[in-house]
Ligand SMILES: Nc1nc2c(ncn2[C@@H]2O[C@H](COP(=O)(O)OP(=O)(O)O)[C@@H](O)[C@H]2O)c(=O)[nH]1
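The chain below stands alone, shown as structure tokens; this is the form predicted alone.
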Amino acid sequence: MKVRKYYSKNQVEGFLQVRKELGPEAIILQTRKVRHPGLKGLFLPPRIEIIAALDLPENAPEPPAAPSEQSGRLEKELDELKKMVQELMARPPGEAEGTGGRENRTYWRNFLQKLDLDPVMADDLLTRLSSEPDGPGLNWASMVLALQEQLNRRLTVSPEKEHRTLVLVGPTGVGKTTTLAKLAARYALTFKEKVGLITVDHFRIGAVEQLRAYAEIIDLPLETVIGPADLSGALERLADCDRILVDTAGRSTGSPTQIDELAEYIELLLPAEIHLVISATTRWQDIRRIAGSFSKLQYNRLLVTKLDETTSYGAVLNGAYHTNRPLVYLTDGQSVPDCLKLAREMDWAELFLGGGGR
């Protein structure tokens, strides 16, 4: 058995390196985050360490040797790796990390269910992988590459601030008001823009007071609108603002009347960025229903909140799939404005495979 250790920025890059050097038959024994060596490593982001093995037939030629990063410690490192391999090989089948059987569809279907991936995408992945006659089959490395391809195909991102007006819509309890405060702080404090706030959420107890507290802290004007007829006046009073952010009441997907009422406000705010806000904890079945129910509101963006409340991030991919809209922002906590992420800066491989996929 040939055992090697690899270092990379993320798992996908590392698995590509393993596949290139050891081939599709390689087994991933262990992955973990490690620091760079020395004092300098304290100030650098962690890297991914991957230990891979290739079970060579007797008398088969070994793959060409790669340059060692620590040649002076090679012998000691090999001894440690051999010991680790022996321990891993002694475990019951399927227990070693990254294994589960080359053709074990049940294992991989359970893996994708753990990600809470929509079955349509899961079936597409499994069917395509298992039907490739010369492909790598259903192993960990091939699944990583297939998931990355699915991300590239389904998930698009969009730049921020494409319109002066930004509106947040979505079901109840997804964190729209807190997210609006994060965006207001970003625009006002980071970009030095004059930001005006509008709330039409007069249904939820304390909603106006919550946004007013944020507005006072950041020193922003706030307009409370009771009905669509009041909206034009509020927009006139905020005419000198660079950016206008609108908070709306959460609507139930089972109440078309409430969504129709909100659509009256949206018509008066166009053109605007209409962000459909969903929580990362939302099941794929509910995301499909939300995407359809809120389509009347002409949303043209997707925003995912509460990444910190789950370890299965399928909602991001499910949301992109069912809405067919680009992502701009994500949030991963309650802190204003720190827990706001730009979609274009996300390490998607790390999120899906480093956080929720293992």
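These numbers were taken from a predicted model, which means no experiment stands behind them. The numbering used is simple: start at 1 and walk along the sequence shown.
Below: the form predicted in complex with this ligand, not depicted.
- For the residues P119, G173, P228, P221, the 4.5 Å heavy atom test against this ligand in the model of the complex is passed only by G173.
- This ligand in the model of the complex comes within 4.5 Å of no heavy atom belonging to E49.
- Residue contact with this ligand in the model of the complex: Q210 places a heavy atom within 4.5 Å of it.
- A residue is said to contact a partner when one of its heavy atoms sits within 4.5 Å of a partner heavy atom; Q334 meets this definition for this ligand in the model of the complex.
- Proximity of N318 to this ligand in the model of the complex: non-hydrogen atoms within 4.5 Å are absent; the residue sits far from the partner.
- Only one segment in the set 191-199, 234-242, 176-184, 119-127 has any non-hydrogen atom within 4.5 angstroms of this ligand in the model of the complex, and it is 176-184.
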